[in-house]
Each structure stands twice: as C-alpha cells, then as structure tokens.
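As a starting point, one isolated chain is supplied in structure tokens, in the form predicted alone.
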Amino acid sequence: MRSWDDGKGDRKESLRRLRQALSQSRSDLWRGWKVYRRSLLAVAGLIMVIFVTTISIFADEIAVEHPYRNLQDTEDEWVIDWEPRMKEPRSEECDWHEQKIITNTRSKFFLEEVVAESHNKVGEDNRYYKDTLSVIRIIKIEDSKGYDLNSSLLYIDPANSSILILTPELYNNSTLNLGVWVTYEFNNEAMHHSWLPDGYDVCIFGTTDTGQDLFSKVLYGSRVSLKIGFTVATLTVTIGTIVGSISGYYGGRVDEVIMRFCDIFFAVPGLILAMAFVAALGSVMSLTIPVWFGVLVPILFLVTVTQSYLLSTVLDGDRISDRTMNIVMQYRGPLLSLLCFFFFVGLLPAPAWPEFFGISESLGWRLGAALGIIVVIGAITLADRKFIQNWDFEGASERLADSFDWTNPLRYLSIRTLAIFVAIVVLFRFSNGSGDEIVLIKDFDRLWKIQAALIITGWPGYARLIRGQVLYVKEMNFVEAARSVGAPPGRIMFRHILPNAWAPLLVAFTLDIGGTILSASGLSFIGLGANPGTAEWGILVSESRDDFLYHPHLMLYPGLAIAATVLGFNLLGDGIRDVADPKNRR
C-alpha cells in the first residue's frame, strides 16, 4: 500500500501541469484580448455590457424607489408613491404630495391636527404602514370637485412640520363635508440623487402614469432583462449542445430523427411559436416534477460514470480480441437494447419505478433505491462484458486498488469530479423531503413563462449549429486516434470534439442574449409577457403608448435601455467572432 510520501512525485507533477494549464489559459486570454481590442466597436460593446450588468447588480443602491412584496407574497409590486403622475424629468413636482383631509366634524376620523403621511406601504412583517412626512410649504387646497380653495384654510404647525392644522373656517364649512385634498411640498431627500447637482437630482427620468420613479424602474428592469437573457441563452445552449452532439456524433437514423424534429420548430416562426407556448402555459401556476422523475437525471449520470469506471478498472480491455471487437461493433445496438429491455421490463418494470421509489418517503429508502439501480446496472455491465464479450477479470483487484490514489488528491481536480459531486448533492436534496413532487419554481409567473417559451423554441438552432461542428471535427485525425485506442464516446465527445467546436457556439450564445432580451420585451409589449406595472422594459414601453405624444420620455428611456443593451451584446458577439477566427490569431 502506498504511503503519502510515495505520492510526492505525482503531486509535484500534477501541480506542474496545473500551473502550466493556468499559464496557457492566461496566455490565450491575453492573445484573445489583443485581437479583440483591435475593433473599437467591439470594445464599446464590452463597455456597454459591463455598464448594464453593473447597474443591475447595484440597482438597490442606485435606485431611490424600490419594489416590495405584496400581502400575498407572490410578486414584486410597485405602488403609487409620493411623486405625481407623468411628470417631466427633473420636475419640481416630484417633491409634492397630495393627501386627503377629513373636514366633517361628525366623522369619527375628524381631527383638527392632521399628520402628513405617505401612502400605504407594506413592511417586512407583511403589514401596512405609512411614513410621516416633513412639510415644507403648502402648494394648494382643492375641494372634492377639484376647485381651488384659499391655502390659508390650512397651515403647518410651527413646532412640528409634520402636523397640519385645520382652521375653523375649513371644518365649519358645510359645503366641504366630503373633505379636501391638500398638495404640499415635503422633505423628499430620500428620492434625491446625491451624485447629481441640485435641480437635476430628483425624478431624473420623470414619473410613470402610476406615479413611480421611472429611473428606478428602468434600473430594476435591467435585472429582469439580463436574467431572462442569460437564463434562456444558457439553457438553450445546453439543450442544443447535448441534442446536436448526439445527432452529429452517432449520425444515421438518430441524426435523421433529431433533425426532422428540429425542422418542425423551424417550420413555424419563432416568435409566433413562443406566443403559442406562453398562451398554453397560462394556467400553470408553479413548475413541479415528480420526485421519482427528478432523481432519474442524477441517477443516470452516476450510472454512466459507474459504467465508465468499471470498464476502465475492473475489466481488462486490452485483452479483448479482434473477433470479439467486430462482434461488439456489429451487434452493439441490439445488445444495448436487449440490456435496457431486460432491466426496465424484466428486472424492474418501468411503470413500477414510481411505486417502488415511493414505498417510503424516508431519505434512507430513496437513496437506497437510487443506489440499488446504480449497482444493478453496474452488475449487468460486468456480466455483459464477461459472459457475452469475453473480457478478462484477471488483475481486477489490483487495478481497482490502484484507481483510488489517495496520495495525490490533485488528480481529482476536474470537471468530472465536480459533476459527480453536484449529481450526489442533487440526488440527496431531491430525496430528502416528504411529498410526491419537487417544486422547481414556486411562482411560475408570466416572466418565467416567457423564459420557458423562448427556451423551447430556441434550442433547435443551437442543435443544428453544434451538429455541423461535430460532423466536421469528428472526421479529424485526432478523433480517429482516440477512437482507435478504445476511448468511450462520452470521452471523445467532451474531451476531443466539443473543445474544438466551441467558438461558433460562444459567438451565437453572446448574440442570442441580446436577441432574447429583444424577444422578451416584444412579448411583454403585446401583453404576453410581464404583468402590468412590472419593472420590465417591454411593459414600460407598452404602458407609455397612449401618452407618447404628450409624454415621450415614458417611452424614450426604457426604449434606449433596450437598444443599448441589445447593441452592446451584438457588438460583444462580433468581437468574440474576431477572436475565435483563426485568421486573426497572429
């Protein structure tokens, strides 16, 4: 048995390779940056993307007005705050507040001294509250019909600027029993931007038709748009890469079926198809999956890892004969089909899996069932190689012991180890809990429906793109060399083909973020996206249509935000295309 000191040389070599890889990565990044900065427009796009991302991260600190959770705690709400409605940018009326005062002395709510208060807000304890305001001056007083009254009917308490005192002429007037509306200027420092000069530091984008600060809503809208863009682009790339890789690598009927399925999506315009999916998902309030189905993904990944590990350690693949290899290559499809049929239909019928997994809701039983599947499939794999393909078990114990090199933990610093760890954590988390369903998204609101629709309609484009790259790369000599030494398809795909096919995918991913933001804003504009009142750029533009002629700023600022963000990602994608082009690597 090897000691810790025996692995000193291996650890030293692993560290050397790690440093070499990091050095090579730094060199590649620097070379790529030198190519990228040749284009002034590409650098401008990068700056725009960094700027939008930064303000979305620090929106809480930059904005002066913020959303809150409503009493049902289901979504972010924006309420009518202190500012008047649809005021021009930098309007002094943003420091005004309108408050109703009861003047009927017979009302139980009548008071001669009234506290200046804000509108209702919802606190962290999920209860309503009002802020007390400090009044600077009274602007005007109006009766219930909107007619102006003498402003001297009401005055500010000299000892307390938050108290408004009613004069006898006001509450003894029988014609004002319905109350009056008073407009006053108050100390609104919380809504002023400290980094702007006086006169330009309040309502710098004006106010919306419901009285909210437009600048704050545009800032929070960047969070919504970037979240949609990155989420949709990441998931569509992931799904498209998996499907396209399988299609391009295996070819034949598999490729034919997958590509014809993609053609179905291409036959319908993407935006129209997304609209149909959003409408179809209208009644879905939360996104859930059965527990037994949720654990299948990490189980299948761990099964694949286990099979690969067993084939590389327990069995001696070097002893396989040419005749056996020919038989395996000729009949590998029927053999795999037979094994799957034997497992799912004979040993553990597929319809029985939910009931078998749900016999008990205890963590031990669920993990035991998952482990049982991995063990059984591993045993079937060994039996298939031993009795059908005549692989040799000689020296299996030594190879198995050598595979656990505890003296060199650096050898396990790989994406494969991270993926195994994530799969185990997911399996543990999904199995640890009561109930038959896993709640993936609790509030599957309209914004999530937009993302789901764009993901469903977007992955075929990536699948076709990566398929073409895989078809091109898999015919190269280094792939044939890896295949000739018996490397499994998964290793060939992830270690040899995909690293050499990433460049067009990265460019498409960057460009697609901007396109996704534009599509999501378009769906919101036509009423199929975000809920009315949400801080989302598309809905902000939509809500300003009726008032565009008289208040163009309501549409201008969210429209500029959309244009700048989309343009930034497009220019960034063009710059990355220049870096990825081998002709520019000089």
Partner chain sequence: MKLHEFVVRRLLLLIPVIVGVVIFTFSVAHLIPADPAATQCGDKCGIIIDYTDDGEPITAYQANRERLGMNEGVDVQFKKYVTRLFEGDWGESETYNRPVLDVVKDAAPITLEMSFFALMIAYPVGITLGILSAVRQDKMFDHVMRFFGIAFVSLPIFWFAMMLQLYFATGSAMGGVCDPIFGTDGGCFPVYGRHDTGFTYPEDGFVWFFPEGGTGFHLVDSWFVSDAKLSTIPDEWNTRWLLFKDTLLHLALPCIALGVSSAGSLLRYMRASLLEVLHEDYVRTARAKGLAESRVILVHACRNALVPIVTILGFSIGGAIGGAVLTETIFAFNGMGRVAVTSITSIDYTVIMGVTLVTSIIFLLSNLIVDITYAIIDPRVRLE
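Residue numbers count along the first chain shown, from 1. Note that the structure is predicted; figures quoted are calculated from it, not measured.
The discussion below concerns the form predicted together with its partner chain, not included here.
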query: Its partner chain in the model of the complex: contacting segment from 479 to 487, 230 to 238, 255 to 263, 96 to 104, heavy atom within 4.5 Å; finding: 255 to 263
query: 4.5 Å heavy atom contact, residue 30 and its partner chain in the model of the complex; finding: no
query: Residue 415: touches its partner chain in the model of the complex, heavy atom cutoff 4.5 angstroms; finding: no
query: Contact test in the model of the complex: residue 563 vs its partner chain, heavy atoms, 4.5 Å; finding: yes
query: Residue 41, heavy atom within 4.5 angstroms of its partner chain in the model of the complex; finding: yes
query: Residue among 388, 289, 136, 268 with a heavy atom within 4.5 Å of its partner chain in the model of the complex; finding: 268
query: Heavy atom within 4.5 Å of its partner chain in the model of the complex - residue from 545, 66, 26, 37; finding: 545
query: All of 549, 571 and 577 within 4.5 Å of its partner chain in the model of the complex, heavy atom check; finding: yes
query: Neighbours of its partner chain in the model of the complex among 143 to 157 [non-hydrogen atom within 4.5 angstroms]; finding: none
